[in-house]
Ligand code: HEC
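One chain comes next, on its own, written out as structure tokens in the form predicted alone.
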Amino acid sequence: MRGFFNGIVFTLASIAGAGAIAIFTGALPPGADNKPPAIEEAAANASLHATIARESHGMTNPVANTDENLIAGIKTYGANCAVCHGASDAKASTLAKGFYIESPMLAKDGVEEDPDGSVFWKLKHGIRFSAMPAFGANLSDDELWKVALFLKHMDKLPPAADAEWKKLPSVASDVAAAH
């Protein structure tokens, strides 16, 4: 039995040693235009999903689903999120096209099925080692919940909110028009 445990310890030490060598010799390319190794992606995604599930468990949106709140969420989204996640046309800006981790165009790759608390958590805390910033220091919880409300309902907006969403200018065309 002692040999079995020694084998486990040796295997774990070998994996840790190989990881350290890969990190400190530059074998893992850090460039934003390099695809991360599968193990790095798997570890980051597992940690992210476990953290969000734990920290957002039971959170529900306290903001009422009204045209006023949806429109406020759309305006906050336009000012803070559209440059990375696009407008209703789902076209990526030049900035979004260069991200290391592809930024989802939320008009086509939305979060309508995600739990309310999960959407809010991502907005408030951001996602490390991605381009997703933490907005909690700059936007109020009320503003963040209104953005979350919009994102959760963006595929079935009432007419007034949908008109506001469609009016939001495409960042992709604004960038092209500026040149």
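Predicted model, so just to flag it, every value in this text is computed and none were measured. One-based numbering along the sequence shown.
A second form of this protein, the form predicted in complex with heme C, is not displayed here; the remarks below concern that form.
Interface residue among 28, 59, 127, 53, judged by heavy atoms within 4.5 Å of heme C in the model of the complex: 127.
Proximity of residue 147 to heme C in the model of the complex: non-hydrogen atoms within 4.5 Å are present. In the model of the complex, at least one heavy atom of residue 114 sits within 4.5 Å of a heavy atom of heme C.
The closest non-hydrogen atom of residue 123 lies within 4.5 Å of heme C in the model of the complex. Although the partner is absent here, residue 81 is a contact residue: one of its heavy atoms lies within 4.5 angstroms of heme C in the model of the complex.
Taking a 4.5 Å heavy atom cutoff to heme C in the model of the complex, the contacting residues in 86-115 are 99, 101, 102, 103, 104, 106, 111, 114.
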